[in-house]
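In structure tokens, the next block holds one chain alone, the form predicted on its own.
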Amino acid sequence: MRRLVLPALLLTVVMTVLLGLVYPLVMTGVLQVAFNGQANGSLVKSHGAVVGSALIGQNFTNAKGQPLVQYFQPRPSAAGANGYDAMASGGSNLGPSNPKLVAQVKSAEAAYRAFNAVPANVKVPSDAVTTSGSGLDPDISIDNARLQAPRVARARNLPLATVDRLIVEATQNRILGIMGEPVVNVLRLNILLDQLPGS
């Protein structure tokens, strides 16, 4: 019996140390060296202070929760009471035929059109009026950004061409050139706006 138990205990201790301690420490060290930014949450800094993560969306609102006209607005979020709560990540779980979802989308579309002065004959992108599966999506479509650009340009007294150039700069292309669609990171775009001279 002792011949069976002793090797089993020894193997358990060795594997616990190897896979529970050594391997995680080695991987942490490699990732800190090779992918430091990603390993630490893809944090974004502005003027030396952390202002968010490139992987998690956030609201650009005033103290009353109203969207700020001088900033691009993110995709709506169903995560938490005010949105973008990483502790409450998740979608609304409402199906496409659910009357509540249909009403939410219609309401969001009306608010988007009014806020951005989008005429009735212009199609509103779906990401402007629907939430993502996680509720934390940091990106918007290029069409969404272009519809918001005139509002931002007016609010900041900027030429529309300048704002369009920043949209291009904040655009992330398809992964490996084939997966997904090009998207605009809202936090990065708003930081680029704030870094313009006179902002």
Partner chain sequence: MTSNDWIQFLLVVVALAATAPLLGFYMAKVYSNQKSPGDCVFSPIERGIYRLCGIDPDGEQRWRTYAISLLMFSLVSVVVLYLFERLQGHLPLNPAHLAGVASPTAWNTAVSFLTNTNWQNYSGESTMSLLTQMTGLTVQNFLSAAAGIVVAIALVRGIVRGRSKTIGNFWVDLTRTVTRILLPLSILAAIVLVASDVIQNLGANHVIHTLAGGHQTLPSGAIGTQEAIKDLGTNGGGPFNANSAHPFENPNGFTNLFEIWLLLVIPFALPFTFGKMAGKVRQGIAVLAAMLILWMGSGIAVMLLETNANHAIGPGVTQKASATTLGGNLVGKELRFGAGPSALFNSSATGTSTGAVDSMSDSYTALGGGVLLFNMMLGEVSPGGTGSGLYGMLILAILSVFIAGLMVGRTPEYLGKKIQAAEMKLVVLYVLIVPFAALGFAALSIMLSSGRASIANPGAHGLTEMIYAFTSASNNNGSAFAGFNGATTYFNTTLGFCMLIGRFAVMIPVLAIAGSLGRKQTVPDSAGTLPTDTPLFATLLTGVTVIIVGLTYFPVLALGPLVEHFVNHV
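Note that this is a predicted model, so its numbers are computed, not measured. Positions refer to the first chain, counted from 1.
What follows is about the form predicted in complex with its partner chain, which we do not show.
Is residue 93 part of the interface with its partner chain in the model of the complex - any heavy atom within 4.5 Å?
Result yes; residue 93 sits at the interface with its partner chain in the model of the complex.
Can you tell me if residue 126 lies within 4.5 angstroms of its partner chain in the model of the complex, counting non-hydrogen atoms only?
Close contact exists here: in the model of the complex, residue 126 approaches its partner chain to within 4.5 Å, heavy atoms only.
Counting only non-hydrogen atoms and a 4.5 angstroms cut-off, does residue 174 reach its partner chain in the model of the complex?
Residue 174: yes, in contact with its partner chain in the model of the complex.
Mark residue 131 yes when one of its heavy atoms lies within 4.5 Å of a heavy atom of its partner chain in the model of the complex, and no otherwise.
Flag for residue 131 set to yes.
Who in 155 to 187 is close to its partner chain in the model of the complex, meaning a heavy atom within 4.5 Å?
Going through 155 to 187 in order - heavy atoms within 4.5 Å of its partner chain in the model of the complex - the hits are 174, 175, 177, 178, 179, 180, 181, 182, 183, 187.
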